[in-house]
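A lone chain, given as structure tokens: the form predicted alone.
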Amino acid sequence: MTPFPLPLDQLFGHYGQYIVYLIIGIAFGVSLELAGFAQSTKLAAQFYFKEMTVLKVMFTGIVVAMLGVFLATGLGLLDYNLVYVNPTYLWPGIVGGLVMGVGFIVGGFCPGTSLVAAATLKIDGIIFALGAFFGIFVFGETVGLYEDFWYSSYMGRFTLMDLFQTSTGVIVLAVVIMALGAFLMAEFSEQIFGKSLISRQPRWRVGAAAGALALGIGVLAIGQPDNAARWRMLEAEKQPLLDSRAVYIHPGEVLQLMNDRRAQAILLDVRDEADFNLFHIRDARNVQMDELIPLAVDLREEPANTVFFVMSNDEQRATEAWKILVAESLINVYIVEGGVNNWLDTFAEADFKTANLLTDVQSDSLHYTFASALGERSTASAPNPDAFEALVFEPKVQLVGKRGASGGGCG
């Protein structure tokens, strides 16, 4: 079974998926309205510690979503690699957060809550929403003046697990404990600054807190699947692609896609550096096997028209690399059929092949000798772009579109 998230565009069609988004958006707006977030006075009271509803509701949403995501991931029901995480731009993010925070205090709304208020025809909400749209326009017209700063301090998909170099379970449990502590502090601040009466907590709140703590401990105990475990979950679906050789691509088709402007071909050469230096295909990247998993995080951000080709001298190491990348949720990954040896068999000059072919070779080793490290200076490294036309092969590459990214934000 393929884990969630579901490809809504495939299930409901291009336009049908927007109906799902609309339903989710309306449900989110209704939730904010029921929480009282369409009232600017209620929201602004947060910053004076008089009423902490914003903290309680938002922290509840964060904790529930976090527990749901990582419990589902730990049980193999969800592929966390396909859950969109906003990339981190540290200093622009800090400045943007400060600007938004000041606007929140002054206006009593954040962008999402202002739309909820505007939808209920509250004048202040309408004015704030119009101001937000005007600010977006001004930003779009002036971002070129500070574009370098806007794109500075890029850290990619950076999470608390990366920051603290610890397991997901530890972070999840720590956030749950922090949230429970924040709820207690919120209650005390409301009693001190909001002059609210001390009330006994309903049993359901105590039960909910205990349940969240238990689920956090459960996430820690279950753990998160590693690359090998993810491959085992996918093996029944993906192994037939290897057995039928559906993902082994003839060098002619690889060359064709390398020169096709409608696609972006990324070549990943997983051989030892020594063999790579002797000869490699033009623009290929030398990647060691232990570098594939962290590299996959960046490769998933490539455009939807990107096709990845992995290669070794023959196919053994490239096949293992393919399994690793597929288990890391990379799509449009293929293997160069026969590896670099087959590439040389196909495109190297006849004189070179006759003079340099080795007869006694080991598995997945280079079949040709080189007098020096040519790298991509060999003519076979960059064949004539039209050379594939003289070859007979069955086209196999089928680009699969990426699942659309979705992000959250402030209420």
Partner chain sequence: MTTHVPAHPGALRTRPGILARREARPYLHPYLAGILLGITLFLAFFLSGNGLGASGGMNRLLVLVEDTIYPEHIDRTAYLSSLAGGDRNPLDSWVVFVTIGVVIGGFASGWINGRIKLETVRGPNTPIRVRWVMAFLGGVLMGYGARLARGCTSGQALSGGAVLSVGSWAFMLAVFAGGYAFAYFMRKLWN
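Positions refer to the first chain, counted from 1. Keep in mind it's a predicted model, so treat the numbers as computed, not measured.
There is another form of the same protein, the form predicted together with its partner chain; it is not shown, and what comes next is about it.
Look at 210 to 218, 236 to 244, 324 to 332, 111 to 119: in the predicted complex, residues with non-hydrogen atoms within 4.5 angstroms of its partner chain sit in 111 to 119. For a residue to qualify, one of its non-hydrogen atoms must sit within 4.5 Å of its partner chain in the predicted complex; all three of Phe4, Leu34 and Met52 qualify. Among the residues Tyr80, Trp231, Phe276, Tyr248, the one placing a heavy atom within 4.5 Å of its partner chain in the predicted complex is Tyr80.
Residue Thr88 is the only one of Thr166, Gln316, Gln288, Thr88 with a heavy atom lying within 4.5 Å of its partner chain in the predicted complex. Taking the partner from the other structure, its partner chain in the predicted complex has a heavy atom within 4.5 Å of a heavy atom of Glu141. Interface residue remark: Gly13 is not counted as part of the site for its partner chain in the predicted complex, having no heavy atom within 4.5 Å. Not displayed here, its partner chain is kept clear of Pro395 by more than 4.5 Å at the level of heavy atoms in the predicted complex.
Remark: Ala380 does not count among the residues lining its partner chain in the predicted complex, judged by a heavy atom distance of 4.5 Å or less. In the predicted complex, the residues of 156 to 188 lying within 4.5 Å of its partner chain by at least one heavy atom are, in order, Phe158, Thr159, Leu160, Met161, Leu163, Ile171, Val172, Val175, Met178, Phe183, Glu187.
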